Structure formats: structure tokens, C-alpha cells
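A lone chain, given as C-alpha cells: the form predicted alone.
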């Protein structure tokens, strides 16, 4: 019997979700990535990485130690405000545990992606990510048995959906520690699910991290100073014939590519917003074939809004109150294109 690589990380309760990553990589034929990913996780959670890191780690460590009687990652279970990823039932906790759980989850705010339903506690995030996932799931190849790289994975909402759809392994990367800690909070109660989010950027992955069946880049491209380099990097990570799922901001057809001089819809670091036709050209230039525009969807306050779990500015504050077709900076209002392509 061939032994599987194991991770050796600091003995912190918040990091227990990574203990099975070495075996999961080995089972998926990616065992050679184990040493580098172990190093990236260690570096990602180094004490000097973020001033709030100790508090976030403590919040995850203090989550109630209970087993979930139920989970739903794939089938859309309808609730009051849309389909949520569900973990555990309200009956699994006593009142003290529920109070403790709610307090720990509050310490990890703001929650940008969701919704989640965690032992009956509704985490209504800023984004109704279930709406985007519905668009994506209808457009992509079936994920059953596939290895997946999820770039800009945030708190793992889509990684959980991918795993629920049958993916063999989902490796998510995101440099935002707040969101990675949210992932780790959920992972405490989903120990058998092969979905992992590690605190790093795509560029930090080793050159051997290739051969993925599917690569997702959703909400990432417009934050890249060199978008064609990002697309080339995504291309390199796929196996021949593998599928790219690209979701990003676009301007209306016929408009010139937007280069915001300041913010766009109050967002920092938005460097370039093309039309979808230009995106297709970029994908062809970086080696992709069979490029298909699956959808273009204007962002609305049904999908992105301020909530008690994300009480800061959201879409409504980013649009011109006199003309909601434009942003407060005078740019076209956000719309998002979904493109599918093949290496």
C-alpha cells in the first residue's frame, strides 16, 4: 500500500480542516503539491500576516464541538431568502451552543459570499451566490469525478457547491485571510468533503500545479493589472481539453474597454473592464478554443445588497441614485459575463 502524504501544520484547532489535504491530493494524483501547499498554509497563517488574525483563529477554535446531522451542498434547499448551503440542524445544538456559534460567526464578519444555514443560523451574506451558481451550473460540464482549481475562492461557497456536484477534489486559493477563516469555520462541520481553500494567490502555486480538469476564475479578472497574463496562467493550469469557467465584469457591447482612473462602483483595484466580444478575443489570444458566452447578467440588489452579516456599503450605494444604469463615478452599472472555454 502506498502511503499518502500528510500535512504537518501548527497544532491549532482552527487548522484541522487541512489535516486531510495531503491524502486528498494523493488520491487525486496531485501528491507532489503537498510540500509546497504545506509551506503556503504555514506562511499564510504567520502571526504577522494580519492584525486581526489571532482573533479570527480564536473564533474558529471556539466553535461548538458538535456533529452535524445533515448537510446539503448541491441540491438547492429553499429557505426564506434563497437556497443556502446547509450544515446541521437546529436540533443539533442546545441554547448555549447556539449562542456561542452565532458569536463566533459574527466575529468573522463581513460575510460576502453565501447564503449559509449553519445549525439553523441563517448567514445572509452580501451576495446571493446561489443565483450565480445556478447560472454557472447550467452552463458547465458535469463536475463529477473532476479535479477543480477555484481561483479567488473567497470563503469556499462555490467550492462547496462544486464538491456537492461530485468533484473529486476542489482546491481553492484566496489571499484574503478573513474569508479563508470563514471557510475553516464551515469546514469544521464538513470534514469529509474534498474542498479546500488555502491562503495564497494563483501565482504562488508551484509550477507543477497543473492538469486540472476544470479551472474557475470568477470575479478575479478585473482586479488584474495584466489580464492576458492571468488568462495565460489559467490556461497553463488546465489539462489539454480541460474547461475554463470565467466570470467577470463587462461593459455593454459597443462600448470601449473601460480603464477606471479611480474606483469603479466604489471598488478599488478595478483595472480593466472589456466588452464580452473583447473577452472572447483575449481568450483566443491566450490559447483557448471553443469559447462560448453563456450569459450576461446585470447585477441587481436582489443579488448583491447590504445585510446584517455585511453591514457596509453594497450595490445600492455604488449606483447613481438619479440613474441606476450608471455607477456613482459615471461608468456603466455592473454587469457580469460568464464564458466557457476549452484548453
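Fair warning: this is a prediction, and the values are worked out from it, not measured in the lab. Residue numbers count along the first chain shown, from 1.
Note that the form predicted in complex with a small molecule isn't included here; everything after this is about it.
Proximity of residue 132 to the small molecule in the model of the complex falls within the 4.5 Å heavy atom cutoff. At least one heavy atom of residue 176 is located within 4.5 Å of the small molecule in the model of the complex.
In the model of the complex, at least one heavy atom of residue 158 sits within 4.5 Å of the small molecule. Residue contact with the small molecule in the model of the complex: residue 223 places a heavy atom within 4.5 Å of it. Considering the small molecule in the model of the complex, the lone stretch of 141 to 149, 214 to 222, 92 to 100, 254 to 262 in range is 214 to 222 [heavy atom distance within 4.5 Å].
Residue 201 is the only one of 74, 201, 236, 122 with a heavy atom lying within 4.5 Å of the small molecule in the model of the complex.
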